[in-house]
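Shown below, as structure tokens, is a lone chain in the form predicted on its own; questions about how it binds or moves come after it.
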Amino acid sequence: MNWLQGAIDADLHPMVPGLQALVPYLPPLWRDQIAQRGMEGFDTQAFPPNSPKTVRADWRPAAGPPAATIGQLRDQVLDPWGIARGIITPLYGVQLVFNEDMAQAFTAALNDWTRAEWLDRDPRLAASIVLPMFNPEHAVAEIERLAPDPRFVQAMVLVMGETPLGRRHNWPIFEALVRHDLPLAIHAGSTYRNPVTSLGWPSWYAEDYAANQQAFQSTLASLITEGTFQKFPTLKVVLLESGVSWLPAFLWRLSKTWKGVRFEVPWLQRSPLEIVRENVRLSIQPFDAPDDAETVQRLMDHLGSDEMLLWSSDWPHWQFDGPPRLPPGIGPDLARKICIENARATYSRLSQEALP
């Protein structure tokens, strides 16, 4: 695995061991609310209800919660694989809270927990600013609060929110990100304000997980057609856990449609294909293509760029294909781009560090 030495892991997920872990980072008002409301945590807001955490069996400890300590991350990923930098993005239901003030307080507590319990304990780690997206002013405030800390290298939202992400009421968020040169990470997952499919609620987790691909398509279309990248041409968007193979066919369809009705969006002066190749990046876990070098090469040709893919493990989720590997047919030069150089070009706060 020489190709992995010095790699940047773009998608790590430490898990909050319980709501009490956030208490030290909450104002007194919200500490009291936990007791008065009898709040037990936000893990139960997953779908299907009460579904277990999606953790690989070999990453579950004999005792205690998985992915909950810096020691577990070091022993399972950072040290054995020689990871130079890892970007952590905790997925906890603070973004799902209907009360906007509560969502703001608990999201800020989650970000402060990330900083104190993870960033302060290992210099190899960077992090995402988790955003409370139901109030754009709160989201901007959280960016402004944490952007001075260079260890926060991007902001993160879930792919399925309350409204399409490109809508103009979200533009102050994009403006703040551009001002601080922070990419916007869009991660698989839902706030469950709407069904996860266009036909309604599914029955099984397999449907729910596969529906994320549809959501990434809709979200990307929203950002493009609303003119987000025309207004903010330097904004970088990183799709995390989106898969890869769906993108070329989707862009062909969107670009063909744009050519037919471009009078409707006169601000869109470039093809969606061009916009995505310049402004969008994707993590390669999962890499949802056949395990065949010829097919992988064809997919790379269809993407039309060797700068779009970022390596990730998705620790500790079950989707990880471990042991660490790259798709077949990826040569050493492209491997280095995927594992190191593309991430450094995407995350300006990592770009000035010495190359391994």
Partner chain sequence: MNVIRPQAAPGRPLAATQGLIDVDIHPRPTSLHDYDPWLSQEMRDRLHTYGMRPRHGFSKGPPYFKAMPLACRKDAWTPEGGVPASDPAFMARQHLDFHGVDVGVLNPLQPSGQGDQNNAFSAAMAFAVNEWQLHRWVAGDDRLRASVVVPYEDPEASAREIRLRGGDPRFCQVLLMSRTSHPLGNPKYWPIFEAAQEVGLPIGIHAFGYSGWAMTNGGWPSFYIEEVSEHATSCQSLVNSLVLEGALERFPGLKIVLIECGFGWLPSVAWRLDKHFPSLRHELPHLKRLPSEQIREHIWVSTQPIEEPPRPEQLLDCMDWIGWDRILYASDYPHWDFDDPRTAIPTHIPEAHRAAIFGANARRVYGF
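Residue numbers count along the first chain shown, from 1. This structure is a prediction, so every number in the text was calculated from the model and none was measured.
The same protein has a further form, the form predicted together with the partner chain, not shown here; the description that follows concerns it.
>> Only one of these stretches, 68 to 76, 102 to 110, 87 to 95, 246 to 254, has heavy atoms within 4.5 Å of the partner chain in the model of the complex; which one is it?
In response: That would be 246 to 254.
Residue among W30, F42, F287, W59 with a heavy atom within 4.5 Å of the partner chain in the model of the complex: Comparing distances to the partner chain in the model of the complex, the residue within 4.5 Å is F287.
Just to be sure I understand the contacts: of P233, P172, P164, G82, which is the one whose heavy atoms reach within 4.5 angstroms of the partner chain in the model of the complex? Exactly one listed residue reaches within 4.5 Å, namely P164.
Exercise for review: Determine whether any heavy atom of L326 comes within 4.5 Å of a heavy atom of the partner chain in the model of the complex, and answer yes or no.
Suggested key: No, L326 sits far enough from the partner chain in the model of the complex that none of its heavy atoms falls within 4.5 Å.
Within a 4.5 Å heavy atom cut-off, is S305 in contact with the partner chain in the model of the complex?
-> Contact check for S305: no, nothing within 4.5 Å of the partner chain in the model of the complex.
message: Considering non-hydrogen atoms and a 4.5 Å limit, does the partner chain approach S128 in the model of the complex?
response: Close contact is absent here: in the model of the complex, S128 is far from the partner chain, nothing within 4.5 Å, heavy atoms only.
Worksheet item: Could you tell me if S242 has a non-hydrogen atom within 4.5 Å of the partner chain in the model of the complex?
Response: Heavy-atom contact with the partner chain at 4.5 Å: present for S242.
Check your understanding: Counting only heavy atoms, which residues in 190 to 209 are within 4.5 Å of the partner chain in the model of the complex?
Key -> Contacts from 190 to 209: N194, P195, V196, T197, S198, L199, G200, W201, P202, S203, W204, Y205, A206, E207, Y209.
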